[in-house]
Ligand code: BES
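Next up: a single chain in structure tokens, the form predicted on its own.
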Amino acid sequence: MEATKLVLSGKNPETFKGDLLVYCLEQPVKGKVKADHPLIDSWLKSRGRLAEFSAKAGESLILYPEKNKAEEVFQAKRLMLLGLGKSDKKHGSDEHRERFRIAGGHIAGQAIRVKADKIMVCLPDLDGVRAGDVAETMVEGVLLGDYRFLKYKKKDEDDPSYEGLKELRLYSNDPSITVRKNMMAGLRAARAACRARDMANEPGNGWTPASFAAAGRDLAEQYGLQCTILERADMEHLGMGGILAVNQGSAEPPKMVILEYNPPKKTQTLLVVGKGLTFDSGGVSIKPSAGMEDMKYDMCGGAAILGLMQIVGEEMPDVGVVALVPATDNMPSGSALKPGDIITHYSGVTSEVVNTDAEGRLILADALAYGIKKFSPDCVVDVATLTGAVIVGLGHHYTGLLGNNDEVIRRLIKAGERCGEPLWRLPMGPDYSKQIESQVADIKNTGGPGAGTITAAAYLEKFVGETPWAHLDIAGTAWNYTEKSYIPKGPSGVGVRTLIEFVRRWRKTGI
């Protein structure tokens, strides 16, 4: 996918000589499907296939153009008719964007089945839908759906694996600069999300805190960002007792990756923090062995933040963006953190560690307190696979959203809707904060079995002060996400596109 060539064309699709030419058709409210192209319509009628293809959402029909004098029109090897479903006037732009994103995923699925190298998609021209939105989301859907992770699979010379699209062409009746800009925005968002998926797919022995540091340096070098890596000695000097405590049982030293993007006329700064737990065994409070292999995904928040900074570097927005990724793993050993231990965070807050498997909030607390004190941001957003409780509450369909500022929350919800990554706000308040009161320290790191997602956020809230803040708990959506045509099994890359939409639409006004 990374090497896929993207082209916007106004050239007649009939002359396209690639592997797959795609036409998207709406399902009529009444009557039978009609195609704008007379030959396609004729094929459907003459072959009696209208009954087989009703243009329901995701339904497809593959045709093979006959190379003879009578029908020597299409030069493509295959023709795909893809159903978009019925148009609903009640749907807003966000629903339409997701509609085309899903259509793009179905196109990618068909390309995988036929091992297509080059495809062309004729962008539908529909009433009430902007051509730029269609181009942007179709590209996202195709490229997100085209994702695969083959790094560790041995190549089979007799049956080589399909390595993805080499060229994606879009045909539009409106190949304008605006449509082209939207298309490229979709390309950047998809590539960054897939980069986050790559990080998450790496095993615990293939992606370590040092890998986060190396990735941060690479982004800084490529896009002119400023990169700082805090090492263990730096954390000890600063008193970052949370990340140091989680790292006690590990053979791998911790890292705090800091990336800064500072535009010339910066007036505001956004701080983003991502949990970079490269493997979570649970520590002394060890997890059950079944499914523990998925705990390599506990760094998806950090991956999302680096994906965001990739797009920030490419698009150079007006607002400053600072990213922090506290990175470590959580392992049991003779030196590991123990239940009942008391630690002191960077801010001076003491915490009784009731459960060493509630470690994400410990490393995020240090990062939040440090980032806010050092950079004085106008807004802070953290992203983390923080609690299993969010899956109990929301399943794998919504990201949990909590925070102290209604406007920040509103903007994030809107960004998620626009990207097809819905968020659901959960309440906070003093009753929940009481659950994390400790008899021997300022706070404790769990609040009991009830409201686990909320009490985890209440813990983080202790470290943000009055700064406008929002917390995204992606434990239910970072992997095993809602089944969609453009979401593969494994890590989804969730959060990357929501955050860049949040940044793109940022306005230089007070929160």
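Computed from a predicted structure; not experimentally measured. The first residue of the sequence shown is number 1, and the count goes up from there.
This protein has a second form, the form predicted in complex with the ligand, left out of what is shown; the following refers to that one.
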If you check in the model of the complex, is Arg101 within 4.5 Å of the ligand, heavy atoms only?
no
My question is simply whether Arg361 lines the interface with the ligand in the model of the complex - judged by any non-hydrogen atom within 4.5 Å.
yes
Check whether Thr137 has any heavy atom within 4.5 Å of a heavy atom of the ligand in the model of the complex, and answer yes or no.
no
Would Gln310 show up as a contact with the ligand in the model of the complex if we use heavy atoms at 4.5 Å?
no
May I ask whether Asp298, Asp357 and Trp479 each come within 4.5 Å of the ligand in the model of the complex, counting any non-hydrogen atom?
yes
Residue stretch of 274-282, 312-320, 216-224, 398-406 approaching the ligand in the model of the complex, non-hydrogen atom distance within 4.5 Å
274-282
Between the options Ala389, Ala185, Ile436, Leu84, which residue brings a heavy atom to within 4.5 Å of the ligand in the model of the complex?
Ala389
Position in contact with the ligand when the complex is considered in the model of the complex, options Arg425, Lys287, Arg180, Lys414, heavy atoms within 4.5 Å:
Lys287
Let me know which residues along 441-458 have a heavy atom within 4.5 Å of the ligand in the model of the complex, or say none if there are none.
Thr446
